[in-house]
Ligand SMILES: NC(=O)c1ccc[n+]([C@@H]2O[C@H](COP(=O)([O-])OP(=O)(O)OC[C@H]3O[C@@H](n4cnc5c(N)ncnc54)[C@H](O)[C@@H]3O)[C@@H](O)[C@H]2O)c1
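Presented below, as structure tokens, is a lone chain in the form predicted on its own.
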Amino acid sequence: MRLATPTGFATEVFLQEAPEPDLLPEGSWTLVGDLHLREAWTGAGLPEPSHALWVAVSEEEKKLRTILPWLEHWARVPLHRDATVVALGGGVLSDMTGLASALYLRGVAWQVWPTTLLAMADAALGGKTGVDLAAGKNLVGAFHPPRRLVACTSFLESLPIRHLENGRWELIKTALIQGEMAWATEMLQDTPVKVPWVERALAYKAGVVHRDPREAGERRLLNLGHTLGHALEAASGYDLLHGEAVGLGLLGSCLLTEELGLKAFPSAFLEALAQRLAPLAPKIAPWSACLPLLLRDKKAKHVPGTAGAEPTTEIHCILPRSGEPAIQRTLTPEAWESPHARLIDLLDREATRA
């Protein structure tokens, strides 16, 4: 099923149960695929180029040095400018393959076939590609939209429960950005992830990206939960999965909203968030480990001091509101200290109650 996207949108979006060979590129193409999916790919009767790269990558290997051998391999094939690269895997692999495609010959076309809920709901759509530096996540990258996104739900069948939960948080994020409390509450229930949720999230993100492809305004809303989330993820040594960190960041953002006097969330909703996140409590790093990462956040800017005062750091943050669309605010990193502490307290209480 091809999803409706805005006229002129850079990416064709397909959401279906099983993969179809007809959706692969018509001309010359190659593949970068998750090694664990090779059997599922060939078992579905999908072709495998002789020069395909089957790789195993994790967040720790999301570095420039990892994609350099891919570029050398494409040059040896050789892969020409009219070729298309197909990325098969989760968010880390699609981020890396998209960046490699942007760099090779100054940009070749690519398709993304996301195989995790996290990638389907968020990472695969929008054209953001990137790798990490020691200083933080996704500090090197490029905007390079895929020509086609093919999300096949059959690939989700073999995912561990933890990875399905990991993607659920990006769906909940989409609901909170729009102030859709009923949808967010529905997704917090102990029910399997539903395909219409994914469809709804993709349609929303396509509209935002089309209106603001370079993240100059509205698209920044998609960073909800990511400011504190990225810091928690990196400070955990990536023991936290990305979606889990975003979930923690969402709860932290709700608490910060309350502290700033904006429209607060009902205590029952915050408790539902905390209950679902409680198992992650042991993975939350102390504030002292998070603050340096917030200071280096890619959305941070350094403001010179006046009249001899010390310079300060400000971060562009997204704040959700109960039943209303999220808003954008510029805050100091220190603003997150109290929500961080309250987050830990809430989760500890829920864990004890369980």
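Just so it is clear, the structure is predicted and the values come from calculations on it, not from any experiment. Position 1 is the first residue in the sequence shown; the rest follow in order.
One more form of this protein should be noted, the form predicted together with the ligand, which is absent from this view; the next part is about it.
- In the predicted bound form, the ligand sits within 4.5 Å of a heavy atom of E59.
- Remark: H36 counts among the residues lining the ligand in the predicted bound form, judged by a heavy atom distance of 4.5 Å or less.
- In the predicted bound form, L248 stays away from the ligand, with no heavy atom inside 4.5 Å.
- Residue contact with the ligand in the predicted bound form: L188 places no heavy atom within 4.5 Å of it.
- The chain is drawn here without the ligand; in the predicted bound form, the stretch among 97 to 105, 137 to 145, 188 to 196, 269 to 277 whose residues come within 4.5 Å of it by any heavy atom is 137 to 145.
- This chain is drawn without the ligand; in the predicted bound form, the residue among A151, V86, L228, L118 with a heavy atom within 4.5 Å of it is L118.
- The partner is absent here; in the predicted bound form, the one residue of L176, L232, L255, L93 having a heavy atom within 4.5 Å of the ligand is L93.
- Not one of R220, R329 and T332 comes within 4.5 Å of the ligand in the predicted bound form, counting any heavy atom.
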